[in-house]
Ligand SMILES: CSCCC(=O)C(=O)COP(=O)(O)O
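One chain comes next, on its own, written as structure tokens: the form predicted on its own.
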């Protein structure tokens, strides 16, 4: 029963994010934990059009990202990022999407290695309720070799909630539940779009 609930949660998130066009060119991948000991999770199958719904949208993998049992399809290319999340934290869901906003932000601030946001009400959605709350998102290089990318990603996976931008690639967000992971992803995308819009407005004024 728990496995099917997790499956349905991930399917619903896929449908919602696909409706926002956050999976251009079959990009992006989603994962949800199905077991803590041993670590097992569902992850989107590689090369699927995520706007469509089929019985083969997800595959079930172990703590190393390998298929469990006989299954059709293969795990998404960036499954090793989710492997790091589920092995290093108690997070229940990990989401990775490529959008124009998060790619542009990652390029603008990539040389700095991070971007920090403050003074935004939406930061409360990330669990920061203090008056002058700030949130910082690290930005790592986009290594074509996935094990190398996972090794660069891993040091930033230190809590049950978090986010990492991969330069000119996309963002990975994780949280204790699927609901929270989606909420955090939406909040970060809002912050990215707000920042780009504000910069554009300031340039047009001057």
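All values reported here derive from a predicted model rather than from experimental measurement. Residue numbers count along the first chain shown, from 1.
Just so you know, the form predicted in complex with this ligand exists too; it's not on screen, but the next bit is about it.
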Which of 70-78, 105-113, 123-131, 87-95 lies within 4.5 Å of this ligand in the model of the complex, heavy atoms considered? The stretch 70-78
Of 35, 26, 53, 161, the only residue with a heavy atom within 4.5 Å of this ligand in the model of the complex is 26
Heavy atom to heavy atom, is residue 46 within 4.5 Å of this ligand in the model of the complex? yes
Check residue 169 for me: does it contact this ligand in the model of the complex (non-hydrogen atoms, 4.5 angstroms)? yes
